[in-house]
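Shown next as structure tokens: one chain only, the form predicted alone.
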Amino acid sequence: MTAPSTPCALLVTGGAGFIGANFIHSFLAANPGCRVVNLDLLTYAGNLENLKGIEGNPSYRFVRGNIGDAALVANLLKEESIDAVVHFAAESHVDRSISGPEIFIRTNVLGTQVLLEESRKHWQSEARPGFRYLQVSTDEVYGSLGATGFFTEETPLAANSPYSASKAGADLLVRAYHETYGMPVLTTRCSNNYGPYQFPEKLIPLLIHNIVARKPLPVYGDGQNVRDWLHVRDHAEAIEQVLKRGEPGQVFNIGGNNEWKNIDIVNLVCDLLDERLGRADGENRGLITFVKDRPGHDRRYAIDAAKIRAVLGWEPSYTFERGIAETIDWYLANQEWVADVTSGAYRDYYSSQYGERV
């Protein structure tokens, strides 16, 4: 049983999405006796199939709703006696933010402000000294790195896309609620996640999905953009540690110390799937198609996670070799899930995003 001082009644927003669902699975498994209320609007990337296996758990409740609905948020906080909010809910795909930035501002900025305000009222009116609000953010708020260097928690925010600008705006609101009201907030900023349940608009599941279907593999620009890759289960564990033991007002970077050029990731996934699908060596690489680069495409991200290691003792447990192999095997074993989430609206989006480029 979790110690009484540890947050044990959580409101998780966006818990039907990729990272949120993995966090809920991880938290409930590690904290018997604790409760999770999952508030999710179930937009295109939210999928209750991500939470199969816990629907009947008496410690779990799903509520379909919008973080911008102040009355709903206030009621949930009070009736469930919430002592921590973990805020994942966000529009999160850079390409979508370029073609339609409005929803990113509404959800990521205005929605976060509503959630913060109702959380502040709950924290103050219910006199909850152990209450915590954790903002799950991204390294993209820092902008782009050159060939060397790393993002630290002190790196100035320099967002370059509508998506990252909306997340930076939300992060600054979180900071303001701490500085202005003394609200016990925490912020985490992670590098690129991968693993099970990721919607296949993102690089790794998109590659797997297209290779299985023998479709072109769109690679932006020259493919030399660099990202630091973090397994989603390591990310979930880090968030839990920050929630339980982080000092309010602090920011923690969470990274995998695992930099890869996009084209090298593409080649690796191609080669691993050649083996798994019984195809000739190099066959899948023949599907690679370089397409016009994304506007404002940041060249390199790299996280310095020294603070979370030193302060909380967190280290990633997954090697990339293990993580990417398990991820590929999960998608191959869950083709029905893939088919469900790639139907309808996703096919329309994919066609509009990549059709002319491919």
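All residue numbers are counted from 1 along the displayed sequence. Every value quoted in this text rests on a predicted model; they were computed, and no experiment measured them.
FYI, the form predicted together with a small molecule isn't displayed, but the following is about it.
- Proximity to the small molecule in the predicted bound form, taken as heavy atoms within 4.5 Å, picks out 92 to 100 from the listed stretches 279 to 287, 177 to 185, 92 to 100, 116 to 124.
- Only one of the listed residues (Leu206, Val269, Val251, Ala165) places a non-hydrogen atom within 4.5 angstroms of the small molecule in the predicted bound form, and that residue is Leu206.
- Put simply, of Asn262, Asn160, Asn257, Asn75 only one has a heavy atom within 4.5 Å of the small molecule in the predicted bound form, and it is Asn262.
- With a 4.5 Å cutoff on heavy atoms, Tyr220 counts as touching the small molecule in the predicted bound form.
- The closest heavy atom approach of Tyr301 to the small molecule in the predicted bound form falls within 4.5 Å.
- Proximity of His297 to the small molecule in the predicted bound form falls within the 4.5 Å heavy atom cutoff.
- For Lys244, no non-hydrogen atom is located within 4.5 Å of the small molecule in the predicted bound form, even though that partner is not displayed.
- Here the marked residues Ser26, Ser59 and Asp83 all miss the small molecule in the predicted bound form; none has a heavy atom within 4.5 angstroms.
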